[in-house]
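Shown next as structure tokens: one chain only, the form predicted alone.
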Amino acid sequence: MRTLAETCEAIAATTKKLRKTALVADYLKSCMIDEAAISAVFLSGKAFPAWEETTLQVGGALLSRVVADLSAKDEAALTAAYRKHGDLGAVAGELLPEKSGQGLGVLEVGKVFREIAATRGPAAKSALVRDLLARATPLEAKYIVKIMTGDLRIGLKESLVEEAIAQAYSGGRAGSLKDVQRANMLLGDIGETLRLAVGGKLTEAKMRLFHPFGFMLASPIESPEEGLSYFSDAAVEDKYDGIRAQAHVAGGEVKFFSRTRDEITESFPELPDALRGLREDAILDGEIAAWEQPGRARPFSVLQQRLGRKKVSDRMLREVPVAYLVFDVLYAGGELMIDRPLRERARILDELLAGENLYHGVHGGTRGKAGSQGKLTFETEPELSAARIVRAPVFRAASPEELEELFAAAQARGNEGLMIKDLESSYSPGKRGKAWLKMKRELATLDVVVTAVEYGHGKRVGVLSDYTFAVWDTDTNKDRLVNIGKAYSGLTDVEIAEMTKWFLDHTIEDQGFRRTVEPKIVLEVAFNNMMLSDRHDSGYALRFPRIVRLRPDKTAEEADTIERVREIYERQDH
């Protein structure tokens, strides 16, 4: 573990990606295979391979207490160290004492991580964490804590670990990086990918179903003219106000995963039955939306009642029925489909959903023209509470005027706007480009990460209701969050109560009235306009920011960047 920690220090000390990759490659080659496999997972900022459902269930508050106890430092020293570093791992590295006999191996740390994950109760987990950190050198403890919090903060992403594996075991052979990336995507296990690379067997990797991989993302556009400027042959769909979901179907088992790759099947228990009859194993991409007759999505606020629930009552099933609107197929019949053009994937999806008991589709809509959009109707069922699988309607537009007509009809149905997709595009997991576009008309919004919280006033005394939030600084290689605003309105009392509990459990530094928290909660915020300001370290400030909604479907890494902030600022009238 000492060598791994020293390598991480060297990686953090350089901003050059090629140097970072070389450091990782050299380290991995110096290890035995078992140690290298676990190290690859750790260097990706994870305690366990991505495909596993295993989690440590250890929050920042528990880690802070253990570090405080082992360091024997007073509150003032701990606060000063955190203000200096802004990172609990770095605090542990500075304050924990060095003693003779300390030192751990990577395999040993991996074994203890699994013991912590299997242990129930904060007291028992705390004892295991305390023992682990006490036996580690301060430098080892620094990176053990960082791995446990899922945030190495050394400018190293999993994509660079993939590059290092290709460099270490394939000698930079042409196509080797693509083979590593494909194997890791299929397996969801960077450690197992490393093992295949060592044996020269990367191309033997098989799709591991029930392991979600990245969703293809869309870029925002401002006008119908822009929407038709990137490609000539476009498929046009409504942009639904729901949550993106990947459905995995195999052997009679069905699971749904969100964009954060968390399983959300429990929140929608009626949907698996609707897909169990699929005649082939498959991975589908679509949107879960609250649904009503005659076939239209309801606002996100309605769907939100279903999110995060481990048990959904019969009453909730009746009052908030949902539909899974499928618009893509990523795997079917034992074959990965993502390299095929959207035109071909659409045909395969139509065939896959053609069964009478599965396909609750549209009448004459899937290949419609703009003029038919306003008359779009969906098939209905006697029991609206019955789960439905809907092939999302697809239309074509050859001119800005037709695209504008489709947009107006989509908004008239209560949907957010349009998705415009290149029919010749392959599916690029986790990538945002110009092959998929999204068109919305509203005041500008940003997806931001909460970095600090404060107790409220008046009726909100005793709850954490004032949120400071940040965007990613893309002007450096530091992958740091820079604050851009603060908001306290927009959430319900129930949401604030639930978030208060989360923030208390995930506090990094307790400053009394204010708390610095783990940067994991994403909000969508709206604002009237934006101005230059030295009040926040982003250099910008939002005027009259308010919270539109929580975004549990997004990871912190998917929040907006300073580049997006700059685009909005430059576009507005000054």
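We number the residues from 1 along the sequence you see. This is a predicted model, so every value here is computed, not measured.
Just so it is clear, the following notes concern the form predicted together with adenosine monophosphate (AMP), a form of the same protein that is not shown.
Checked against adenosine monophosphate (AMP) in the model of the complex, the residues A452, M419, V180, A168 give one hit for a heavy atom within 4.5 Å, which is M419.
Of the candidates F210, W502, Y230, W436, W436 is the one whose heavy atoms come within 4.5 Å of adenosine monophosphate (AMP) in the model of the complex; the others do not. Stretch-level contact analysis of 235-243, 180-188, 334-342, 310-318 against adenosine monophosphate (AMP) in the model of the complex, using heavy atoms and a 4.5 Å limit, identifies 235-243.
Taking non-hydrogen atoms only, F327 approaches adenosine monophosphate (AMP) to within 4.5 angstroms in the model of the complex. Contact check for E163: every heavy atom lies farther than 4.5 Å from adenosine monophosphate (AMP) in the model of the complex. Heavy atoms of K440 reach within 4.5 Å of adenosine monophosphate (AMP) in the model of the complex, making it an interface residue. Although the partner is absent here, E140 lies well away from adenosine monophosphate (AMP) in the model of the complex, with no heavy atom inside 4.5 Å. Three-residue candidate spot K16, K20 and D479; no residue lies within 4.5 angstroms of adenosine monophosphate (AMP) in the model of the complex by any non-hydrogen atom. Contacts between 545-564 and adenosine monophosphate (AMP), taken as any heavy atom within 4.5 Å in the model of the complex, involve R551, K554.
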